[in-house]
Each structure stands twice: as structure tokens, then as C-alpha cells.
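Alright, here's a single protein chain in two forms, structure 1 and structure 2, each given by itself as C-alpha cells.
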Structure 1
């Protein structure tokens, strides 16, 4: 990225006042990036900004309360930071935000589907339009548009919404009035039996690793999660689809009006279950009823964290 050096300079300027800055760097092979914790000058030089930076680094912030932390964010990541601030799960005084414009991140599952075996990646080169991956001396050229995460194709907030330092040229914001729920709306038109059968089939593959929970920046009650609670005993440890479905539905309800659709839950799933759709459904209902979209305006109060005697769009009392 052309603004990578500018970002490094911003971090270099702010680092003396911070305990750590969280960014990304290269990983175990050229096709992956990994979260990177910057403590000194040598760490700054390892910073890398590219479409491989899939991780939402806001996930680390609640666990670092009380420390002075810098975090590098894309547009969707910054929405998670906003939501964490709204819920007072982090302190604005302790967080320094480095924002940049994002043109999309790569979906590794799409790359694997297109290439097949990716166990020995030798190189990975990207341009604005293509991704060339060399595996076992064989080059594979892919259109970047075909391997971008689905969330990026309809992203309306490509720039960091909130930042102390912003680098790069801002991308013109798309119309923020209409979230794209076309695929969800197509699914909703199926019969109830078809929808229920779909989820039973998908969630039967779940191995209950809870990677979706661990990757979620707003799922902060993991030490008291219903998945491990024995008082009350919500879920068993049995390997049955009933308990898997129960967990995902409760998770989606807990994220209602809070989920910023960063897609980390789905990305982290080792068996590629499309669980983001459950959160999108809750977001769609919250938008319809409360006219609220998570992580967009720091001054807003999430609707399920507030109370009104009368809700304009809830009319059951008039029946």
C-alpha cells in the first residue's frame, strides 16, 4: 500500500506515549498476514498493510483495558471500536486509533477453492486487479474481485469512521442509507422447512471450537459464556445439532444491534459455516425497528442498551 510508510511514521510519532500498537505483519507463508504487536522501532518496520489484513484488531482491545493501546483499523474494524466505546467496554482516553482507507480484503476460502492445495505457498503478488500465487512452483493468477470477501463487495464504510491519525486518500462513501441484504432477503423467501433444514445441515458440521466467539470483537463475556455455564445449564457437551443451533442462535441474539458485520465469526470458522447470515438477520430487524446501525455514530446509544416508553415502530399495543 502506498500509504504504508506514512502509517509507519504516524505510529513512530505516537509510540513513545503508548504501551503497544496493534497492526499486521507477514505470517507463516506469503498468502497470510497475522496480528502484529509493536513495541519498538524494529517492530514498526515489520508492519505490512495489504488485502491480506483480514483480522479485526479491535478484538484485542477489551482484554487490554488500563493500558495505552494503539490500534490500526479498516472501516469495518473502526465500527467495532465505536461500538466498544459506546458500551464503555474500552476507554477513549486509552485508545489511539490509526485509520486508513480499505479497498477490500481477501477471502482465504475463495483462494483455496480456486487453487486447491495451498500447503506450500512460495510467493504472493498483488496488484489493484489481480492476485498471483505460486504454489509448488506453479503460478495461479486470480482476479482480485473474485477472491474478495463478500462483505467487502457491499461495504459502505471503506474509510475508518473514527481515528486519531488517518493516512491515505479517503474513498468516496457509498450511499449509507441502504445496507445490502439482497442475499438474506432471497433466503427469507424460502419456506420455513427449507430454512430450518438448511441450518440443521450447515450446523451439523460445527465442531464446537467456538472460534467464532473468540474472533468476535463484541463477544466479551467469554468467561461467563452460556456455552460453558453449568448454572444455569443452557447447553450440554453432546455432539448434537440441537445444542450447536442453540449456541449460534443465542450468540446472534446477544449480538443484535451490536454486530458491525466485520465477518470475523465466519472467517474464523474452520468448516466455513456461513454464520454471518444469522447476525445480518438480527441487524436487519434492528434497522427496521429501531433505525439503528451498529458502530456508525459514536454519539448514538445502541437501542438494546436504552429504554423508551414508546417505540415508534413497535405497534403491537395498538392491535
Structure 2
């Protein structure tokens, strides 16, 4: 990426004042990136900006309270930072934000689907339009647009909304202006029993690792999540799909009006359960009822933590 060197330069400048800067670097194969913690000069060179940088690094911030942390953010990640700041879960003074114009990240599941087997990736060359992945000596050419994460296709915030350093040229806001809930709307049209059955079938393979929650930048209960507590005792440890689904509802509700749809829950799920849809549904309703979008404005209050005496968009049942 053109501005990668510029970014490194900014980090080099800011690093002496910081305990650590979090960015990304290459991982176990050329098709993967991993979060990269930069403690000193020697770590800067490894930093790489690429469409493989799926991880929302804001997730690390609440756990690093008290430290001076630099964080590199994509546009969508910056919304998590805004939301965290808004909820005072991190302090603005402690964090330094590095932003860049993001053109989207790659959805590994889509790559897997397109190529079939990606166990042994030898190389991955990326251009603005396409990528060529070599697996077991066989090159596969893919259009970037085919493997772009769903959230990126309708991205409205490609540039970090908040940053101390911004490298590269800002991308003007792309259309559409409204979030894209086409898939969700399609699902909502299914019969109730189909919807009910769908979730049971999908959640059946959940292994209750709670990566969805651990990867969520706004799941700040961390060690005290009610998924595993007995006081309050919301969920049993029994092997049943009911509790697995209940947890997803708990997560979605706790995220209501706070979720920025970064999609980390679904990306982190080791068994690819499409749980983002539940959060999207919540967000869609939040937008409808409260005309509110999380993580956009530092001064906002999440709608469920506030109220109006007269709610314009709530029509109560007339008995």
C-alpha cells in the first residue's frame, strides 16, 4: 500500500511517547494477517497494511486501560473506538489513533468457498482489483470484489472518523448512505417456523467457546460475562441448543444501540455461525426507532441508556 511507509513514519514519531502501538503484520501463511504489537523501533518494519487486516484492534483497548496505546484503525474499527470513548471505557488521553483510507478487507470464508481448499497457501499477490492465491502450486485468480467482506461492500465510513494521524488520501463517503440490510430483509420474509428452525440448526454446532464475545470490541464485561456466571444464573452449562441461542440473544441485546457492525463476532466464530445477522437486526430496529447509529458521534448516548418523554417513533399497541 502506498501509504504504508508514511504510516510507519508516523508510528516512529509517536512511539517514544507510547507503551505500544497495535497494527497488523503477516501471519502463518500469505493469506493471513495477525495483530502486531509494536513495542520498539525494531518492530515497526514488520507492519503491513493490506486487505487481510480483518482484525478490529479496538478490541484490545479496554483491556489496556492505564497504558499509553497507539492503535491503527480502519474506518469501521474507528467507530468502535468512538463508541468506547463515548461510553468512557477508554480514555482519549491514553490512546493515539492512526487512521488510513481503507478499501475493504477480505472475507476468508469467501476465499475458501471460491478456491475450495486453502490449507497450503504459498503466495498471495494483491492488487487494487484482484488477488492471485497460489495453493499447492496452483494459482487462483480472484476478483477482489468477489471476496470482499460483506460489510465492506456497503461501507459508509472508509476513513477513520477519529484519528490523531491520518495517512493517505481520504476516500469520499461512498453510497449507499443507508446501511444495507438486504440479506436480513430477505431472511425476515421467511416463515416464522423457518426462522426458528434456522437458528436452531445454525447454533447446534456452537462449541460455546465465546470467541464471538471475546472478539467483540464492545463486550466489556470480559471475565464477568453472565454466560458463565451462576449469580445471576442466566444460562446452564447443559449441552442444549436453547442456551446457545439464548446467549446470542443476550449478546445482541447487550449490543443494542452500541454495536458498530464490525463483524468480529462472526469472523471470530470458529464454526462460522452467521450471528452478525442478529446484531444487524437489532441495529436496523435501533435506526428505525431511535434514528441512531452507534460509534459515529463522540457526544451521543446509547439509546437504551437514555429516553425521551415523547418517543416519536414508538407506537404502542392500542388496547
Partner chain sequence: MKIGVFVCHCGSNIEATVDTATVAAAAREFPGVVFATDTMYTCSEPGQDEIVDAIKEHNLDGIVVASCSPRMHEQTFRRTVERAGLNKYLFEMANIREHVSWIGKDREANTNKAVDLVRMASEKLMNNQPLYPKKFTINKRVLIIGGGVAGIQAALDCADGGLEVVMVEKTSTIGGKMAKLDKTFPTVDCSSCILGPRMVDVAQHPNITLYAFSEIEEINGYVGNFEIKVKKKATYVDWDACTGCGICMEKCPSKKATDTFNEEIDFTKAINIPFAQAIPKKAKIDPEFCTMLKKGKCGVCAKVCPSGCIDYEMKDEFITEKVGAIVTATGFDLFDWTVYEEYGGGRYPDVITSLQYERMLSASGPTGGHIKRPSDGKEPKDVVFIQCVGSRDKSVGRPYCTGFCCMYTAKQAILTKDHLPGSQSYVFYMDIRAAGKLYDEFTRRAMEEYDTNYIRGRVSMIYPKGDKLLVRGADTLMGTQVEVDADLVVLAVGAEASKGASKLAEKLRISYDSYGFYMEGHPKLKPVETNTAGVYLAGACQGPKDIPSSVAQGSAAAAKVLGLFSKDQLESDPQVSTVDIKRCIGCGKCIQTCPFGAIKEIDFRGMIKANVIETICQGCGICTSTCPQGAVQLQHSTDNQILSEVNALCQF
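Positions refer to the first chain, counted from 1. Because the structure is predicted, anything quoted here is derived from the model rather than measured. C-alpha atoms forming the largest set that superposes within 1.5 Å between two forms make up the rigid core.
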item	value
Form predicted on its own, given as structure number	1
Rigid core superposed: residue 17 CA moves 2 Å or more between the two structures	no
Core-fitted comparison between the two structures - CA shift at residue 310, Å	3.0
